[in-house]
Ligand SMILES: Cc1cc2nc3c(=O)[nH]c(=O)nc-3n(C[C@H](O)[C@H](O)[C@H](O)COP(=O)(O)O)c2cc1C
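Given next, in C-alpha cells, is a single chain: the form predicted on its own.
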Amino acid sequence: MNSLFKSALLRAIGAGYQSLIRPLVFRLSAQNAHDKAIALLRALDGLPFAAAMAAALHRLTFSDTSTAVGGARLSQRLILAAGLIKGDGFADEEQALLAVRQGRNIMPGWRILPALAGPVELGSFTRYPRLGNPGTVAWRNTATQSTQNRVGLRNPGARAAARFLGEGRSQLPKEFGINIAVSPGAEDIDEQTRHVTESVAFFLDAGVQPSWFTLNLSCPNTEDDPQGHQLEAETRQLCGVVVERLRSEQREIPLWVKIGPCLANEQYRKLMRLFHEVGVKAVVATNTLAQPSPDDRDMQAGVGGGDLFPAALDAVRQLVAEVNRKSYAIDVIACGGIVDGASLREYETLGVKAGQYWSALVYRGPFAAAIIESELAQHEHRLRAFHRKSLA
C-alpha cells in the first residue's frame, strides 16, 4: 500500500480516536474503563472472524519495521508490554486448572490483540495464581499521558496459563513473549529459583514456544516487591537457571530480563556484566516506577507513560553506554513513556532497536504502535528533505 495513503489513514484514525472515542472512554474512571476493556477483549476473542478481521486491519495500517533484537526476529520494533494480556486471577491452582478444563477464556485478549497489534508479551505469570489487589487499582494522569496501577500481579499462575495456551497453540501468534515474574512473598532464593524454573518448564512442556522469555525482576505494583532480586548474586542464580534450562531443551529461545528504573549506575553496570556472563540476550528498561497511589499516599503503585519517561530514558542511556563500553552482545529494549514518535525517537537516538509500550493504548488507541511508527517515519522524512534542501 502507498505509504502516503497509509500515513493519511493513520492520521485519520488517530484523530478519530482523540476526538470521538477517547472523550467517551475518559468519562469513565480508569478502573471502570480498564474493566470494560477486558470484557470487550474477552468477547472479541470468542467471535469467529474477529481475529481475521483484526489481522486484516493490521496489514492495512502497519508498516514493516522488522528487526533482529535480543535473539529474536520481530516484524515490527514496538511490542505491547506485559501487563494487559495476563489473565484472570484465582485463589489457587486447582480453581485455575478447573477453569481451563471447563473451556473458559482465562486470558482475555490472547487472540485479538496480537492479531491487531503485532508482537506482544504475555504475562506476567507467577508460579502460583494470584488474585491481585482488591478495590481501585488503576488510575491515569491525562496531563502527562501517564497511567498508574497496583493490580498486584493478578494472573492464573504459570501452570494454568501454560495449559490454556498449549490447548490453543495452533492459534498462537507467530511472535510473542512470555513474561515470568519472580514470586512476591517468597524470600528464599532457592524457592524463587524453583518457582521460576517450574514456570518456564510448564510452557515448554505444554508445547508453547515463545519468541522469547522475559524474567521480570521488579514488580512495583505489589506490596512485597522482590527488589532484592535485582542484586548481583540473586539475579545471577535466577537468570542462570533459566538460560541453562533453555539450553538443555536445545531450543533457540532467548532470555530477556526486565528491570526497574532509578537503580544506581553501579548496580546497572553489575547487572549488565552478569547478564553478559550468564547469556541474557536483552534487557527491558524499565518496569513501572513505584510512587504513592492517588487514593492512598501510604500505598505504592507503579507509574507508566509520560511520568516514567525521564527515569526510563536515563536508565536506557546508562545501560546502552555500558553495552558500548564493554562490547556486550546484549540489546537494550526501551520501555517507558513511548507515546508518540518524538519519545520513540529519543530512545532511537541512543541506539535502541526496539521498544515496549502500554500507556499509549490508553492515550492513542488500539492502533497506537502504527501511529507512533508513522509519526517517527514522517519526522525522518522531513529531516532528510531538510538536509537535501540545505545541501542544494
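Numbering starts at 1 and runs along the sequence shown. The structure presented is a predicted model; accordingly, all values stated were derived computationally and were not measured.
Below, we refer to the form predicted in complex with this ligand, which is not included among the displayed structures.
Look at 304-312, 241-249, 266-274, 200-208: in the predicted complex, residues with non-hydrogen atoms within 4.5 angstroms of this ligand sit in 304-312. Contact with this ligand in the predicted complex, defined as a heavy atom within 4.5 Å, holds for exactly one of I178, L153, V280, A72, namely L153. Contact check for T286: a non-hydrogen atom falls within 4.5 Å of this ligand in the predicted complex.
Under a 4.5 angstroms non-hydrogen atom cutoff, this ligand in the predicted complex has Y357 among its neighbouring residues.
Of the heavy atoms in A81, some are within 4.5 Å of this ligand in the predicted complex. Taking non-hydrogen atoms only, G123 approaches this ligand to within 4.5 angstroms in the predicted complex. Although this ligand is not shown here, in the predicted complex the stretch 43-61 places no heavy atom of any residue within 4.5 Å of it.
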